[in-house]
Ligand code: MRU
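The form predicted on its own is given below as one chain in structure tokens.
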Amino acid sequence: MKVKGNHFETIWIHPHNQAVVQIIDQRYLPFEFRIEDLNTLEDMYTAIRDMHLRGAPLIGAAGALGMYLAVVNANGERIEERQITDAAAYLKSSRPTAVNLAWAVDRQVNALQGLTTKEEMMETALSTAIAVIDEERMNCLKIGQHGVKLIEQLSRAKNGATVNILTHCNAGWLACIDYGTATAPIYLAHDQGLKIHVWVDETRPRNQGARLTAWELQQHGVPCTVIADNTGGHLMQQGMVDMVIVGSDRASAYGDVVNKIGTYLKALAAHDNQVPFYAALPSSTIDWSLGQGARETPIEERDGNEVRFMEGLANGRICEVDILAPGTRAVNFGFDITPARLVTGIITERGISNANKKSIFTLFPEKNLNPEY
């Protein structure tokens, strides 16, 4: 992706200091573009927990680099296994729902197993983190290459007229390394010259759609319009939505999708209006241990102040305002579960599957431990 003409990814090693990880600090977008330096394991934990960065693939990459920072800053020339497992548990506790975090951290733990000297552990942790980043970047590109075919089909069916796509939250470049998940097909379609337009849910309470998705779509030149979260159903009733594409923070092999709170309601509206509903996600987001319905998923409950306060720009300064009466209680669930029956298809790096175990295992046969499927 480009920001004002310059190419950026979302997380990288400082070009002049390999002991520092740099990120785009998403808290200030779209009003300010800031780069933050992360120097320690604790810095990375805070960045993940407090959403300086967010998005399942990016959180995974951050977890891998957090483990690298833990090794870099460990005292002495030999690092005990307990130090690694403690660092891993600490990082994984920062955001419990996005399975990519645990996947990437555990990958580091496995890679570091049996190593003891700091030098070889630093080298291994860095190469493992870079491998995670490279794989997730490529996975997002492949998701785009598979998903764009759906947009091409809709464009042909409409004789080249504009294809209207609705998305929820931010599953774009900012949530990944590059390309995005839900946005990857959109960017590729735009680059091919297809006429597209994106309805962007504002996505309360943190407004990741309004503040992040709309901003990055505009940076890429994709026509888009921000809507209140409750508008999508009306648009579908009026025939103004051709397809819905969302991302995911965790998915089951049965096709259930865990995503930003409000996704389930969009899926219900899409189902009622015969609008195709797709989830775009890399295989690192699939929790192969989940049962049907994904009910075991830990649903993150965040600080109610994220509902109480809204943040914006006033007189050139970012500030927040209280929108509730004093003493009003607010609850803030971060995610909901969309059951497979409402999902038209899952767009992955290996292709598009139906939202069922047989179809998903056809794409990922190495994950199938049950010959029944």
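Just count from 1 along the sequence shown to find any residue number. Not measured: the values here are computed from a predicted model.
Although not depicted, the form predicted together with the named molecule is the subject of the following passage.
Proximity of residue 63 to the named molecule in the predicted bound form falls outside the 4.5 Å heavy atom cutoff. Heavy atoms of residue 108 never reach within 4.5 Å of the named molecule in the predicted bound form, leaving it off the interface. Remark: residue 335 counts among the residues lining the named molecule in the predicted bound form, judged by a heavy atom distance of 4.5 Å or less.
When the named molecule is considered in the predicted bound form, residue 51 lines it closely, a heavy atom lying within 4.5 Å.
For a residue to qualify, one of its non-hydrogen atoms must sit within 4.5 Å of the named molecule in the predicted bound form; none of 104, 287 and 367 qualifies. The stretch among 244-252, 146-154, 223-231, 187-195 whose residues place heavy atoms within 4.5 Å of the named molecule in the predicted bound form is 244-252.
Scanning 166, 99, 91, 169 against the named molecule in the predicted bound form with a 4.5 Å heavy atom cut-off leaves one residue, 169. Taking the named molecule as it sits in the predicted bound form, the stretch 193-210 comes within 4.5 angstroms of it through a non-hydrogen atom at just one residue, 208.
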